[in-house]
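Below sits a lone chain in C-alpha cells, taken as the form predicted alone.
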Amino acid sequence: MNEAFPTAVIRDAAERAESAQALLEVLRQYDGAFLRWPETFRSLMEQSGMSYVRLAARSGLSRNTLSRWCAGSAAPRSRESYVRLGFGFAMTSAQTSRLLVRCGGYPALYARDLFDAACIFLLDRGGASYDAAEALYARCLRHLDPSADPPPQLATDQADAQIRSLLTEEAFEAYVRAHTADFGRPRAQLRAFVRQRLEALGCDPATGRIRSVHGCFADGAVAARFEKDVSLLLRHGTVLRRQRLLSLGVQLGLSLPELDTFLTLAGMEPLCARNRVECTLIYALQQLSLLHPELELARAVRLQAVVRDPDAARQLRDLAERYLRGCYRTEPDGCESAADYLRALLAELSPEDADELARLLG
C-alpha cells in the first residue's frame, strides 16, 4: 500500500473539495493510496516471510483460500477469517484489530466479549493459535451467569488494559470469574447513541411527542431494511459491518462528526479517506453542512428535545449562533436529508464511484 500521503492529507483534500469534479480529481490524485485487499495481503505475506503452507498451518485457513486472496480473486468473508490471520501472522491484538477494522470492516476486538477477550489475551502473549482461543473461551464460558444483571465494574478501556496485563491462562480465568458483569452489557454507549438518534429523528419539537423506535421504521423515517439490524444492536449489542453501519448513519442523518463518533463507539476507526467510498462520503457530508445548514440545526433541535442534556443544549446554542453570525443560506435544491443529497451526487460522479456510493445507499 502506498503510504506516501498520510490519511489526514487525503481527508483534508476531500473536505476542501467544492464540487463533484473537484472530488473526482482528489480520487484520481490519491488513487495509489487507497486500501485494496490483495495489495495489503501480499504485503503481509512479504513482511512475515511465510509460505502459504506455514500460514495455513498457523491460521487454520486452507492454502487454496490464501492463494486466492493473494491473487485478488477473492477476499475474506467473515470476521473469523481476519482473526485467524491475526493468529497466523503472530500479530498483537492491536494489529489484529486494525486488520479487522481497516480491511474487513468489522469491529475491533472487544474486551467485553468473552471470545474477543480470550483472543486479546492470547494474541498479546504470543505463540498461540485460534484453536487455543476457542478452547480458552469454552473453559471460561461456564463461569458466566446469563441470569445475572449487575452493573459493569470496569470501563471498556480499563477491561482491555487489565486483560493485556494478565500473564497466565489461570489468571485470565480468574479475571473472568471476578468480572462476570463486564461481559453482560455489550456496547452500552453505542446502543444509547443509536436509540437517542432514532428518538430524535422521530421527535416533534413543537409537541414533544416521540415516536417509538419501531415507529421510525413503520412510517419510513428510516428504511425498513434496517429494522432487524437495529433490533439486534439494541437488544444484544450486535454490531453491523462497517458499510452497513455507514448506510445506517446516512439514514439517521448523522453529520460528519457524528458519523465519526458512531464508528468509534462501534469499535472502528473514524471515516477513512484511504477508502474511495468513505472519501466520497467525507466530501458529501462536508458539502451538506455548508449547503444545507438547516438540516444540522433541525437535527440538533430534535436531539436536544430528546436528551435534554446541558452539553447538548450548549452545542445547540453554539450551532445556532454560528449560523446566524455566518448568514448561512440554504441552497434551493429541494434536499431534505443526507440520503437525498447523496443520491443527487450520484449523477455527477464517475461510473465506478457512483456504483460504490449507490451500494452504500442500498
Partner chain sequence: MLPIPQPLWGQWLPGERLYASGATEVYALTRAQGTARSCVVKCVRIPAGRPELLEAAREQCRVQQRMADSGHAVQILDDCVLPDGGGTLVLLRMERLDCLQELLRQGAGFSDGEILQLAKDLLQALVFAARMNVVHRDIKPANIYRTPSGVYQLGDFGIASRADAPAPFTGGTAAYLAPETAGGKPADARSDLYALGVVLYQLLNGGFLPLTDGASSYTDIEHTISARLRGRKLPPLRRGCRALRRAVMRACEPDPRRRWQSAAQMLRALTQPERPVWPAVLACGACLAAGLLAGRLLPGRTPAQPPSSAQEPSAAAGMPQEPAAEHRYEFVAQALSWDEARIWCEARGGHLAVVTSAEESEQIKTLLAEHGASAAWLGANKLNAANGFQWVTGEPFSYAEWGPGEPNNTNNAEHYLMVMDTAPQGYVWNDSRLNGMEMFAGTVCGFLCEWEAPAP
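Residue numbers count along the first chain shown, from 1. Since the model is a prediction, treat every value here as computed from it, not as a measurement.
Just so it is clear, the following notes concern the form predicted in complex with the partner chain, a form of the same protein that is not shown.
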For this session: Choose one stretch from 230-238, 187-195, 286-294, 71-79: the one whose residues place a heavy atom within 4.5 angstroms of the partner chain in the predicted bound form.
Result: 71-79
Exercise. Is there a heavy atom of F226 no more than 4.5 Å from a heavy atom of the partner chain in the predicted bound form?
Worked result: no
Exercise. Are any of the heavy atoms in R302 no more than 4.5 Å from a heavy atom of the partner chain in the predicted bound form?
Worked result: no
Exercise. D311 near the partner chain in the predicted bound form, any heavy atom under 4.5 Å?
Worked result: no
For this session: Could you confirm whether G60 comes within 4.5 Å of the partner chain in the predicted bound form, counting heavy atoms only?
Result: no
Exercise. So which bits of 72-99 sit within 4.5 Å of the partner chain in the predicted bound form, heavy atoms only?
Worked result: G72, S73, F89, A90, M91, T92, Q95
